[in-house]
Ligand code: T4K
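Listed next as structure tokens is one chain, alone, in the form predicted alone.
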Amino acid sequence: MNKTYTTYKHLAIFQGKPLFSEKLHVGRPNIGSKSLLFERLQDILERRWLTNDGPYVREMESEISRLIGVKHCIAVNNATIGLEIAARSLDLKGEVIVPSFTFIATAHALQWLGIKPIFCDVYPKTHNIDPRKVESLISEKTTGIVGVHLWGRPCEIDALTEIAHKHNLKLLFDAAHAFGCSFKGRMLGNFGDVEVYSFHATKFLNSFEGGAIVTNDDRIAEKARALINFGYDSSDNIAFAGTNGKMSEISAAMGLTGLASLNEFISVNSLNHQTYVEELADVPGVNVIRYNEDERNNYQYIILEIDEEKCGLTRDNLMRILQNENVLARRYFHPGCHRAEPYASDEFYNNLYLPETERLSASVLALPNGTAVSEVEIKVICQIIRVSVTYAKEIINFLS
């Protein structure tokens, strides 16, 4: 650091070098034990078994099944493929209801399969799909509902399950954010017909790149496992058109290394989240989302909701200030899926207005978390935000 924030009131942020000499990223990977990882990589090279349902993939699947308490885990090369495989395993077609306030892959996975995403608004308190609005979107073409456990906070699972049963629809959960999280004491991954995790490098548990399909349904698991291997349902029988969705041994080695440090990752994330909450508690217009402490959480996401009227800055103003100091805060998710291509240019969505999605897309900001950020750095990030709000008028004048 090259200056203290006592000088910030003079708009030091826009003068000289950034406060942080190295960039602090949202989603910077957790690594775990390098020595354990290197041992596994050496073993992989000696075995010369690099992919195709190798021993580390099977071990990772088994360990996840045990941790989550789910019957089947099918490791995949990324969560987007996982969503596509899950959708095909459920025989989804026609129209599927999905929140617009989510990462674009949730919608694209459906679009790639020729399924039309029907975008639904979200509940303002949870940022998750609003069951009260889902039922009005059901048509004769609807075959399923996709709920997203955003920030690892569970959807209103009971309400969505009731709607799905009532209308004979399939229920898929995008649990990309939710590994290690629970609902009513039961681990996410056990709900709906099938759920999909992400182990992308930005997730708190990563396998470099990867994901997993989890389900308690034998038929779905059998079909998903064939679909990730070109449609082979046995060693030499092709049952249908599949794809190559298999996880490699190297990815599984990284996943297993992370699983060995899972409690450490969660502990660090929890302490970081608490520091953010405490440091920003008295900053007007800056609200840190909270987690239900009665449930298990991974605390991966540090999410702020910025109220421009109360803090005097827009979300984008604050993001620019932070990025100028090498704090690479990010807008999640901007814009909502219905405002992104190819949907924005589709006449079908032209008149779609989702007020809560629009509001959150303009107000949500994600901050750095994980083992790569220290408590001292977090306190400085919070000081930047606090002083920015205090001198908001000066900063706005400068920006304009």
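One rule holds for the numbers: they count along the sequence shown, beginning at 1. Here the structure is a predicted model, which is why all the values come from computation and not from measurement.
FYI, the form predicted in complex with the named molecule isn't displayed, but the following is about it.
Q: Verify the flagged residues R88, V134 and N216 against the named molecule in the predicted bound form: is each one within 4.5 Å by a non-hydrogen atom?
A: Verified in the predicted bound form; spot residues all out of contact, no.
Q: Which pick from T202, T126, S261, N229 sits with a heavy atom within 4.5 Å of the named molecule in the predicted bound form?
A: Exactly one listed residue reaches within 4.5 Å, namely T202.
Q: Considering the named molecule in the predicted bound form, find the one stretch among 353-361, 25-33, 334-342, 59-67 with heavy atoms no farther than 4.5 Å from it.
A: That would be 25-33.
Q: Give a yes or no for G210: in the predicted bound form, does one of its heavy atoms lie within 4.5 Å of a heavy atom belonging to the named molecule?
A: Close contact exists here: in the predicted bound form, G210 approaches the named molecule to within 4.5 Å, heavy atoms only.
Q: So in the predicted bound form, is the named molecule close enough to N78 to count as touching (4.5 Å, heavy atoms)?
A: It does: once the named molecule is placed as it appears in the predicted bound form, N78 has a heavy atom within 4.5 Å of it.
Q: For V194, is any heavy atom within 4.5 Å of the named molecule in the predicted bound form, or not?
A: Outside the cut-off, so no.
Q: Is there any non-hydrogen atom of Y291 lying within 4.5 Å of the named molecule in the predicted bound form?
A: Result no; Y291 lies far from the named molecule in the predicted bound form.
Q: Which residues from 171-186 come close to the named molecule in the predicted bound form, meaning a heavy atom within 4.5 Å?
A: Counting only heavy atoms within 4.5 Å of the named molecule in the predicted bound form, the contacting residues of 171-186 are D174, A176, H177.
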